[in-house]
Structures are given as C-alpha cells and as structure tokens.
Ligand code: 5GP
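Next up: a single chain in structure tokens, the form predicted alone.
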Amino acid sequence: MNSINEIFPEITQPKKIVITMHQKPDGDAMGSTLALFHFLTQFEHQATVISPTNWADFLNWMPGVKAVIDYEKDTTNANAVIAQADWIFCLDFNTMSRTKKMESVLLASSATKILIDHHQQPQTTVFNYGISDTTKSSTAEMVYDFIYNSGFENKINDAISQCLYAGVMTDTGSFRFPSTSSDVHKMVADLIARGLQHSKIHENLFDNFSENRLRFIGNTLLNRMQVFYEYNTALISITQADLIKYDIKTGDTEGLVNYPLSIEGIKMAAIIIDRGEERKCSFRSKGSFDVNTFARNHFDGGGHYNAAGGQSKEALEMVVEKFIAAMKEHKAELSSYQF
C-alpha cells in the first residue's frame, strides 16, 4: 500500500469516485464518508457514497445522507456505480470483510482503492494507496488531516464541519476516551472558528431516540446485565425477544456497552446481541486490558485496544458461556485493578 499523499496531485482531476464504509455504519463511518464526499464534489468529481447496509435513524440529519445508497436495498444500482468507479475510498474499516455483501464486488473492481482507517491489522494488500493510523481518535479526524495535507483546507465548509464533528465526537465518547489528543481539540476549535454550531449536532445525535429505547435500556440494565466483580467485568446479553418487544431498530443499541464501565472497578464490559442470523459482540475496556486481542482470539473480531467487536454463529447461550470461559482465562489481567 503506497502513501496516500501520492494521490494529492490528482485531486483536482475529475473522476468517478465511490466512498464506502463498514456495515451498520456508526457516527464516525457516516460522518467521515460524507465529509469526504462534500470535499471531493467541490472538484467536480462524480462521487457516490455507498453503505453496505442500512444505518441508524439518528444519522439521517447529516448533510448529504439522503443521497447515500444502501447496498442491500439497491444492489443493482450500487454495483453499476462501483463498476464505473475510477477510485474507491474505503473508510473506517481495516478489512474488506467488514463491507459484508459488498466484499466480493469491491475486490473484483479494477478501480484504484484508497484506505483511510484507524483500526489495527489493516488488509494492506488489497489497497493501492492509503493511511492506517491506530493513534488517531477517529476516521473523521483522519479525513480532516487528509483535507489539510492536500493543501485545500479552504474547502472546509459547514457541511464538512458538521460531518467531521459528528464523527470525532461519537468515536471519542464525547471526547472522554484516551484517543482524544490535543490535535482533536485543535481540530474542533478550528471547526468552531469556521462557524460550526456544535451543540445542535450533539442534540441531533443523542436526543432523537424513542421512548421504547429508553425502556429497553432500563430493562437491559435491570435484567440482562451480569457483573463479575472477581474479574472486574460486566456482561450484557440481549435476546431477539427483547429486540422485538421494544421494537429496537438499527442504532438503538449504540453505546449500550459503555454503561457498565461506569461501575467502580469494572475493567472490561461486553455486550452480546442475538441478531438472528448471528450474535454480535462488542467489547470495551479501561486501562491496560487489550480487547482487540481478546476479540481476535475468541470471537473472530478485532478493532482497537480499548474498543473492539466480534461475532459468532452459535446460539446466544453458547456465546455467553464462551465469553465467561474466555474471561476466566484472563483472570490475572482482569483481577488486577490497576488504572
């Protein structure tokens, strides 16, 4: 994979461009792709954002989101756009498998593939150009850097600012995670100086949920959370029946895995959700416990040092048992309460 800086001379030369992200995109995935879209269209590129799947309703306020193609809903159109692409930007994922059903189409494309991502162990062999930086707070921060490094920071408009802020705020846990460097705060200061109305974005992201979701969270914390104090670990397991009962939609479980970390002494938190076709897992940690390695070794997943995910085709009960067994394997690391 060659340096992403090598494409800068061609930014002003109009091309057909696809910008894509990981399945079930979060605020960073959608924010970074749309920010890049708004940047590239100023150079008369024919740019299209394609999401591998649907996304949460609380992202629908973002400038440009109405033009995003849902690959699963509009596969034929999406494939036609990909077939004509000169460049394909791949944002906020490290391996093509995270694009779900798009993977084979993207790999078969002859377009130049460009990676912008901050996850560990990137699949560098499939990208022509790119940057992978695990020290970055978010892909949104990396798109901001991309724009500045290209020499076209004057192109940062309000639409770009809104999308970038949404991405960096969600991926830093509202600026509380360790990845929130001084550069992140400088970036936000720059966006605000350009006229960004940041409080409205926070409202759009966090104050737009249903009553059902709040009741679902209450039921989850009361009835679906186990705390293993001897391992400084908490586990939430959610059944399909719960998802149906509370009419839970894409994005409604976002951030739920972080709740147990507010318990004093908890070093790792996990959530396992029965999605029907598979069980989705999310892991979070504080301090020195590496959930990226934990997810890779036990749940065919990965991500960041303190935030990772995984999946399993086994039944929910079996995945819960597997997690508890894996947790016990790491007793020495988890039981030592050192932050």
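Numbers follow the displayed sequence, beginning with 1. All values reported here derive from a predicted model rather than from experimental measurement.
Not pictured, yet referred to below: the form predicted in complex with guanosine-5'-monophosphate (5GP).
- Listed residues 45, 38, 298, 280 were compared with guanosine-5'-monophosphate (5GP) in the predicted bound form; 280 is the one with a heavy atom within 4.5 Å.
- The contact residue chosen from 213, 98, 267, 136 relative to guanosine-5'-monophosphate (5GP) in the predicted bound form is 98, the criterion being a non-hydrogen atom within 4.5 angstroms.
- In the predicted bound form, guanosine-5'-monophosphate (5GP) stays beyond 4.5 Å of every heavy atom belonging to residue 179.
- guanosine-5'-monophosphate (5GP) in the predicted bound form is not approached by residue 237, whose heavy atoms all lie more than 4.5 angstroms from it.
- Contact check for residue 113: no non-hydrogen atom falls within 4.5 Å of guanosine-5'-monophosphate (5GP) in the predicted bound form.
- In the predicted bound form, guanosine-5'-monophosphate (5GP) lies farther than 4.5 Å from every heavy atom of residue 27.
- Residues with any non-hydrogen atom within 4.5 angstroms of guanosine-5'-monophosphate (5GP) in the predicted bound form fall in just one of 282-290, 46-54, 60-68, 30-38: 282-290.
- Residues of 303-333 that come within 4.5 Å of guanosine-5'-monophosphate (5GP) in the predicted bound form, judged by any heavy atom, are 303, 304, 307, 308, 309, 310, 311 in sequence order.
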